[in-house]
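The data below hold one chain only, encoded as structure tokens and taken in the form predicted alone.
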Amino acid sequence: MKPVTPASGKKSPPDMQLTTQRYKRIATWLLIVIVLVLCSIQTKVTPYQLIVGLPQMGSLLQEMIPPDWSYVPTIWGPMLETIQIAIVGTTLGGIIAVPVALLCAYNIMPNKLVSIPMRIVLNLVRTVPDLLFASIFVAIFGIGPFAGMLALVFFSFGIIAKLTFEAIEAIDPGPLEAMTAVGASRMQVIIFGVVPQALPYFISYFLYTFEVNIRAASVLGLVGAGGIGLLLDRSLGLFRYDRASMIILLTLVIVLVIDYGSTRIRRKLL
């Protein structure tokens, strides 16, 4: 028996699906290009502005190089304060994030009267940027590192809680169902079923947030929240770009060291 061939001039269903997918890809890329062009026009981003600004960027780099190495003893203390702000802020934010993440996860807290309001609160916290938090706390508690620490507590809480509850919802439900079937309590299920699976991810998110907070704490001083940002703002205000480049260079070294250490820890955990 001869195979049945489609009628002349008509596409088979697989060919029609490939054509449809091709048109969808073309339409998607076309939509992306249109959005980018419209955003560029609205924000007045043009290659001409970049070309005009290049000489000014070059002159600024000339003023930043070489860095003022004699400024290191002055900035070392505020830099340590910045690291301490990031450590305390990340730690407290991570501790607060743990119970909130458990209450947000649907597989741990199926009661949506609890989980949905907690998610709303979490989204509200994540909506406020860290600099705005710092400005609010500076207005309340005055200029100093305490305001910066509180800002990073809320900032860390929002990031870690969001990522952690998503990781909890993605864990293997088998151990949880088995423990529930043999009569384990909710607390036992969390301690012996949820924590072992979610802990490596929590530590990974904690380390990532700590890296981000080192950079964030470096600029919180621009609004008076302590740390190296105060000296950075002062250096830029006095047009001492050589000192500003020294601050940026030291911050870069510290961030690279922390990034290397956290990467090693994450590789061992995951």
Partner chain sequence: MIQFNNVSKTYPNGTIGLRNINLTIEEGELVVIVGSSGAGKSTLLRSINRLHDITDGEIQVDGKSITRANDRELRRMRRDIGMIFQSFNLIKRNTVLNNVLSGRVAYHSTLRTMFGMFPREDIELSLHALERVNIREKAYIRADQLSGGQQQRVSIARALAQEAKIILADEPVASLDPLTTRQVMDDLQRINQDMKITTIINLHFIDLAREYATRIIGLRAGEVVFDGPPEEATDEVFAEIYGRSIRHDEMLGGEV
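These figures come from a predicted structure and were not determined experimentally. Positions refer to the first chain, counted from 1.
One more form of this protein exists, namely the form predicted in complex with its partner chain; it is left out here, but the text below deals with it.
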| query | finding |
| --- | --- |
| 4.5 angstroms heavy atom contact with its partner chain in the predicted bound form for A181 | yes |
| is_contact(Q188, its partner chain) in the predicted bound form, heavy atom dist at most 4.5 Å | yes |
| Distance check, N107 to its partner chain in the predicted bound form, heavy atom within 4.5 Å | no |
| 4.5 Å heavy atom contact, P99 to its partner chain in the predicted bound form | no |
| Interface stretch in the predicted bound form with its partner chain - options 127-135, 155-163, 169-177, 85-93, non-hydrogen atom within 4.5 Å | 169-177 |
| The single option of G142, P196, P117, P73 touching its partner chain in the predicted bound form, heavy atom within 4.5 Å | P196 |
